[in-house]
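Shown below, as structure tokens, is a lone chain in the form predicted on its own; questions about how it binds or moves come after it.
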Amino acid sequence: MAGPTELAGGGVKETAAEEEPRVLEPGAAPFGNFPHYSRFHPPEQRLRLLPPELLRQLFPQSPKNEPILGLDVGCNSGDLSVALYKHFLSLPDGETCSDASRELRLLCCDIDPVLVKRAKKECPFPDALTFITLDFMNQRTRKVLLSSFLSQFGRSVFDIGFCMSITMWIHLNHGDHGLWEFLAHLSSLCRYLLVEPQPWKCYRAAARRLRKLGLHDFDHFHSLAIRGDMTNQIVQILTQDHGMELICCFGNTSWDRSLLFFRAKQTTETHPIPESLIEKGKEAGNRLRFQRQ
């Protein structure tokens, strides 16, 4: 796959090669950039666990009518991004234009320019969802592009970040320190975080798929010290190292991944966490066992 050409200011220009259709073998997507990800992990499996009123409860409309700002890291071709947008605003199927963009704006990024191009083309809410090509681990480009978006609204951080089945790909490609840095960046950028970590069995499956295709193994797979119960590992890093607190686990998807909801401890709360959410967190906490090390 041809890579993007970097422009001044951190933007990217899509090359002609990206116009060509691609067919990737399962496993030949070393950054998790599967062409048809939603076919085997449909958005509905996550949405059924998330209360649709969540964002409106956390962020009641301000007198200035400022929108809620969300960051979706690793958005792939945008299917889940669009589904989250519709879910949290309770938009009916088939609706393609709405004043709802005044309530919620999402910046959605992915490392794969082909997937981002598809997301832009197929997005039914172009005024509310902005798709950009971004390697989130590139500090300079990340700062330029994210700051540019936030400055449009006079903000310095996002209200909420979505990190759905991305942590494993960061970990495999950037190692233990890369995972730690990734979570540090996210926690510094977002007041709330919804994280869906991949379990360790997915790491083994990803490495096995590469080997079957005769490709090079992930550079860091065999040297990772952070391993085992990855849900617990992610919770520990975010809460002990990066100033977040775990509010609740919304439950597990049908493919056995937990949806973890965090809040930055320094977040100034003008409205308390809804009691229903606290109770849901307590119930989920009885199912989620964290072994502190």
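On a predicted model such as this, the values are computed, not experimentally measured, just so you know. Note that residue numbering begins at 1 and tracks the sequence as displayed.
Below, we turn to the form predicted in complex with a small molecule, even though it does not appear here.
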| query | finding |
| --- | --- |
| Contact residue in the predicted bound form, chosen from L146, L129, I170, V195 - any heavy atom within 4.5 Å of the small molecule | I170 |
| The small molecule in the predicted bound form: contacting segment from 207 to 215, 148 to 156, 183 to 191, 112 to 120, heavy atom within 4.5 Å | 112 to 120 |
| Distance check, G70 to the small molecule in the predicted bound form, heavy atom within 4.5 Å | no |
| Residue contact check: E103 to the small molecule in the predicted bound form, 4.5 Å heavy atom | no |
| Touches the small molecule in the predicted bound form: F31 (any heavy atom, 4.5 Å) | yes |
| Touches the small molecule in the predicted bound form: F88 (any heavy atom, 4.5 Å) | no |
| L50, L54 and H242 all contacting the small molecule in the predicted bound form, non-hydrogen atom within 4.5 Å | no |
